[in-house]
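As a starting point, one isolated chain is supplied in structure tokens, in the form predicted alone.
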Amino acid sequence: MFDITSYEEANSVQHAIDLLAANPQAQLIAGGTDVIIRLREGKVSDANLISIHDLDELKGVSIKTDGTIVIKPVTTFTSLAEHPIIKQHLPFLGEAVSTVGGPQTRHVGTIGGNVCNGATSADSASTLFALNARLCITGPSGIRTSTIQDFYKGPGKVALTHGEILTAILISPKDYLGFSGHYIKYTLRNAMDIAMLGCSVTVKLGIDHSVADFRLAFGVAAPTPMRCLRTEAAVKGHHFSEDLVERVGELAVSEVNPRTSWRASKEYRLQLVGELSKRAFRKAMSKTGGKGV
């Protein structure tokens, strides 16, 4: 039996905020895939759950008139990967969330839950970092916006106060138009495992086929997902070459701070950082169709 003290279903975002305000012990669930696992393992007791799973206002993907892509947080991984807007503009984000768990988990789990869990291993997070995603958060005081970088505060910690709800993920056109990308999830086994390391690269070519923009983000390379800004700066403006690829691998290792866990040692993860950053760079470049790839 799961140790659940109370369970309520919100009928609107405001209703969910009101329910949270009325119960300081309550926590939100969307797909509930992570919460149910913690309940089953006995890591959560006396759970007071408020479900936002059925709120249509928190589901779907759209584009604003200014080109901003809006991803609602209760969109399941499967729905996100199969959405025409994602396939057209952000296929590499769809590929990233398609690595989450098994089909059953992807049919129920949501991108908002993936982000709000605060896990550095979240498969959507490193690509959202590379896309400079912004998060709309609604609470008792109204709506505020946060960069995804500022949202992650530490292992399992995010910048949500009690009563606040993630209500949208925003991707600006300057962060996706003309970009290609690639995500690599490295695991102990090829079946429903958490990432030992996740690596996401997005790249945009200039008119002379040099690398006009380059973004490198990791999961599980630090306590939170992270960008390698010095590596990115060293790549921009240069033409693609194997020497540049090797440079990416060398610099990336100098910027990360992975830890040793039962899944892998710090030294092994550092080796993965060097290798996966090179592989992801090559693959992202191949998707651009750029010269020299």
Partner chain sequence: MKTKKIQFSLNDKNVSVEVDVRESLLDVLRQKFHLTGTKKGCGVGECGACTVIMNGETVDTCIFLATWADGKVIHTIEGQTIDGQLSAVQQAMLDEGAVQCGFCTPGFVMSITSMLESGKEYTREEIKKELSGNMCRCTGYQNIVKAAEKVLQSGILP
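Numbering follows the first chain given and starts at 1. Note that the structure is predicted; figures quoted are calculated from it, not measured.
The same protein has a further form, the form predicted in complex with the partner chain, not shown here; the description that follows concerns it.
The shortest heavy atom separation between residue 31 and the partner chain in the predicted complex is within 4.5 Å. For residue 145, no non-hydrogen atom is located within 4.5 Å of the partner chain in the predicted complex, even though that partner is not displayed. Contact check for residue 246: every heavy atom lies farther than 4.5 Å from the partner chain in the predicted complex. The closest heavy atom approach of residue 5 to the partner chain in the predicted complex falls within 4.5 Å. Put simply, of 180, 121, 78, 138 only one has a heavy atom within 4.5 Å of the partner chain in the predicted complex, and it is 78. Contact with the partner chain in the predicted complex, judged by any heavy atom within 4.5 Å, is made by just one of 98, 187, 172, 149: 98. The stretch among 36-44, 65-73, 264-272, 232-240 whose residues place heavy atoms within 4.5 Å of the partner chain in the predicted complex is 36-44.
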